[in-house]
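In the block that follows, a single chain appears as structure tokens, in the form predicted on its own.
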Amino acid sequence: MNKAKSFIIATILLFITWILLSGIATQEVIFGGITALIISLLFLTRLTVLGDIKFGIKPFIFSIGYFFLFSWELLKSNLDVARRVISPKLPINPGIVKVKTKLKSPLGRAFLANSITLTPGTLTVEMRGEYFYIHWIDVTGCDINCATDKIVAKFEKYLEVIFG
């Protein structure tokens, strides 16, 4: 079932991407559909990670919430980093911290790692099982639980519903 679900999701995502890039002329829709099917079939064994995506009203609502949460965190961290650049007297305390995630899905962990990396001031350096090593521009404590709460927890509660 997981391969079938992954195949359907990949085909739909590829087809939507095709339509967004080429338009909705009859020829384009037919060719895009055939191309999406062929590509999904060729990469069927590699697409199993897409089977982690959950469907339903709750994951959909949490996806929208995640978009707004990520946008807000992105804005806040951009302003913080810009403030530190403009005011060199502001202290920075860079370092690598270890955080723990409760996400089980590989796709959910990848989304979490990318969300952390895309947020200025943090960078996912390594993922080892349930632990992430994050370069943080302003390490405020060495405790793994404190760092997890400040960096990971806000994203994790949304991603857990979306991916499991």
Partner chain sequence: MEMIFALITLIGALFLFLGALGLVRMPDVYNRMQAGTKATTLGTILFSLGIGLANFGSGWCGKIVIIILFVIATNPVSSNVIARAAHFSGIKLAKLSLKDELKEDDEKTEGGTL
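Numbering follows the first chain given and starts at 1. What you see is a predicted model, and the numbers here were worked out from it, not measured in a lab.
What follows is about the form predicted together with its partner chain, which we do not show.
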{"query": "Listed residue that, although its partner chain is not shown, lies within 4.5 Å of it in the predicted complex (heavy atoms), from 44, 61, 137, 53", "finding": "137"}
{"query": "In the predicted complex, the one of 40, 101, 105, 119 near its partner chain [non-hydrogen atom within 4.5 angstroms]", "finding": "119"}
{"query": "Its partner chain contact at residue 29 in the predicted complex, heavy atom, 4.5 Å", "finding": "no"}
{"query": "Partner contact for residue 25 in the predicted complex: its partner chain, 4.5 angstroms, heavy atom", "finding": "no"}
{"query": "Interface membership of residue 69, its partner chain in the predicted complex, 4.5 Å heavy atom rule", "finding": "no"}
{"query": "Exercise: residue 130 in contact with its partner chain in the predicted complex, heavy atom 4.5 Å", "finding": "no"}
